Structures are given as C-alpha cells and as structure tokens.
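Two separate entries follow, structure 1 and structure 2, each one form of the same protein chain as structure tokens.
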Structure 1
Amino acid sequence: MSMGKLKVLHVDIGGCEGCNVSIIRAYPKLMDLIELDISYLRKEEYKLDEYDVAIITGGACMNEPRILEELKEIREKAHTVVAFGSCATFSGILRFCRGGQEPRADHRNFQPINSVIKVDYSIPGCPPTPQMLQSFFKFYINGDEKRLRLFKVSADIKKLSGFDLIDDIVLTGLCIGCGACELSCPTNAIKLIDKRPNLVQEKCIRCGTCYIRCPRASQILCMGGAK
C-alpha cells in the first residue's frame, strides 16, 4: 500500500449511474486522503497494478464473460476490493432482470460481485450516500476495524432485502420502532404503522438498505449473526 494518498480506482460494470454520482459528490472531501481515478476524469485507460483500492459499482452479469474476467483481474491485482452500492453488494434491482430487453437481450442473470470474486468491504445503498464513502475511507486509512466491521461482514452476504428485515427484526419482536428503515428506503416500500414497519412487497427492490440502516439488524450482523 502506498504511504501517501491512497490510489483509488473506480470501475463501473453496469448500473444506473446513481452510485457513480455519489462517488463524485464524496470526492471533494476526500481529496486530501485519496487520488481517485474515475472514468469521468480519466484521460487514458487505467492500469490495475497502480492502485491500492478498487471500488466496483454495478452487478455482475453472468452472461457477459468480459465482465467476469475483468472482475477476476481486479481481484488479482488490487490490494483491497470494495463493492459500492446495492447492485454490486446484493445485486439489488438487477435480480429482477429476465433478459429480452434491448440493447442486450441476452443479459438475463445478474449477481452480486462477491459471487464471482472475494470482496473485502461492501457499502450497500441505492445509492449509498457520499458521507458513507467519506466515512469508509477515514476508517480504512486509520485502520479502525471496529467501525469497518459492518462493511466487512456485508462483504460476505449475497442477498438482503426488506423481506429479511421483516423476518429477522419485526416478526421476532426486536424492532424498536425508530423508523430508520422507512427513512432509508429509496422506493418507499416500508411504512411504519403503529411504530412497526410494514413492507409493500411490490416496491421492494432488494437493495438491503433498510436492513443495514436498522440499528438492531446491523448490530446483529456485527456481532456475528449469520445471513
């Protein structure tokens, strides 16, 4: 790892650009800590062996060999791999892809990138806030493993959604009615009724944001609870 600013590469393998915008918004407050190579600012093709951290956005299309090989090359050469956003971490809305759509009708199956390569840290969200990326790098550079714990355990989870929140937290009586799930849901799929979350199933895009933002659920994950 370099001793000065971290050299950070961003690679987008397919998404809505929301995560990319969040990274760009986070960068001004990270300029003293990292050098970010992102396609919007890049003049030449990147060389993988020059970076300390690789941030990957978008889900892995299992019908696209080029993408799968690129992921494996990133894993081989990058010191640390970070999945950013719910498409990269849990596949999110890309799980609903069934193919038959232009311009790539052959794209039928998207998976989280940890189904293809080992991921060191995951930052879920649709998209994650710029503040989450800023916090991640501050904790990472300081070696604050306690505060990195949630990002670390999320890297081994392949799917998470509002359905898991209802099963694991609400129906078990662990919910404290704080409303963090409702506030964090990007599609308004969760509504609090009598201080208890109710899930509008048709609206859940399986981004897992509600689960990660839930204080009880995140605490259970950090304490070793299996998913």
Structure 2
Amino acid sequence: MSMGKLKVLHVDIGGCEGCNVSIIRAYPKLMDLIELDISYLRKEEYKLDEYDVAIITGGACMNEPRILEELKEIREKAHTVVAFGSCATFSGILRFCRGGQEPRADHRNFQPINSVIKVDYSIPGCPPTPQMLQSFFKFYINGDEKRLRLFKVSADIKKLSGFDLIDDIVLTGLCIGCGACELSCPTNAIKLIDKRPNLVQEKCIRCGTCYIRCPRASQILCMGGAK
C-alpha cells in the first residue's frame, strides 16, 4: 500500500446490488488512488478503525435497529460519508415499500441515509455509473468543491424525483424545454410534449436523476443550497 491512497470503506445496507456492481466496476481504475474495503472482500468486521471515505449504498430500513446502529458506527469511523445511488440518497424505489410485501414482508419504512446520520455527499442514480464514482474521486482528491457542490447540496435533501421536477420547475413556469430531463430518466418516465416534460407517474422510481440534471433545478439548488 502506498502512502497517498485514500482508505475507503463500502457498506451496503440493502438494495438491489446495482450500486455495488457499479463500485466494483469502477475499482480497477481507482486502485492507484484508493484502497477499497468492500463487503465482497471481507468476512464480517471492517478491516480498519478509521477511513477517509465511507461509501454507503442502499436505503435505511427504520425497522432494523441493527442497520441504524451500523450507520452511526460508520459515521464515527469515516471522515467523509458518501451516499451512493438513489436508495441511499433519496430512498429511491424503496419509497414504495409499505410492509407485507415479499420477499421481506417486515420492511415497511425506508429512509435515505441522511435521515439517520450526517451525509457529506449524495450521488443519486439508479445506479450511478462506475465513471461517476471515478469522477467523484477525481474531484474529491483535487479538492474541487465547486464541481462537487451539487452533490454536497444534495446531501441535505431527503426526497427528489420526477414529481419534484414537475412541481418545482414545470408547474412554476421555469422550464425552458431543453430536454435534459427526458434524456436523464432511466425508466423513460419523462417525455417532452409540446416542449415541456410530461411525467408518466407509474414509471417514476424516485431516483432524482432528472432533477439534478435539469440545468434550471441544479442551478437553483447550487445557488440556494437548500430545498
């Protein structure tokens, strides 16, 4: 291990593994920069007592005290906490859990990580690409706070989706019809009709990608710093 490598912990607290696969795919190109302690490569205990960065994937089930304790433990161990993927950042599709459903009928209330602990950066996406994680570390290591501002601001937001985009940007008349949202929706829930986005509500998985990709929304977010 060389001196300069960041010590990075990955913990998945429950999701579809899409984000985990993305992190694994990102790792080969990050090996010179970080040393990754990832759930796939350890038995039970974390390898270290302190980390520079903890990447957390998956949403927090509020009916699982064990998970909530683990999150608090990670917060103490890590200098910077990154919520990676829509479940961790905005609760994403886990919002639809309401208990009584297979395969885990006892799960009924998922929250984003920032409902439990302080998060430093939230990177939504379902899942975010490996390149996104590589970009993140590039800017993080360079201390490029300006580039990372959007993700810093997102860390204080608990819910963001196509519904918010429609409410905050389209119904307020602020949409300029650029089509960024349509291109950013992973489920094709957004279609431009008469130069304005139309949301097919059943298709929106609450990932928030459209919102942070909207030039108007992201500009306002970065300026105001809160939603």
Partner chain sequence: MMSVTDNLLGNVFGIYLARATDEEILKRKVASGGAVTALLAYALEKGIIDGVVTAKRTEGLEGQAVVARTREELLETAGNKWSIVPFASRMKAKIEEEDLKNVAVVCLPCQAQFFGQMRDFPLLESDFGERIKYIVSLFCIGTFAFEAFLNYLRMKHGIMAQDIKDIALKGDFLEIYHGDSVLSLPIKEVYSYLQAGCLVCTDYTGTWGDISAGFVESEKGWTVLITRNLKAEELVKSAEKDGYIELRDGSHVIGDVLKAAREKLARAQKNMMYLL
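Along the sequence of structure 1, residues get numbers from 1 upward. Rigid core: the largest C-alpha set superposing within 1.5 Å between the two forms. All figures in this text were calculated on a predicted structure; none of them were measured in a lab.
Looking at the condition given, the form predicted together with its partner chain, one finds it describes the source of structure 2 alone. The rigid-core alignment places the CA of residue 158 less than 2 Å apart between structures 1 and 2. A displacement of 2 angstroms or greater separates the C-alpha positions of residue 42 between structures 1 and 2, with the rigid core held in common.
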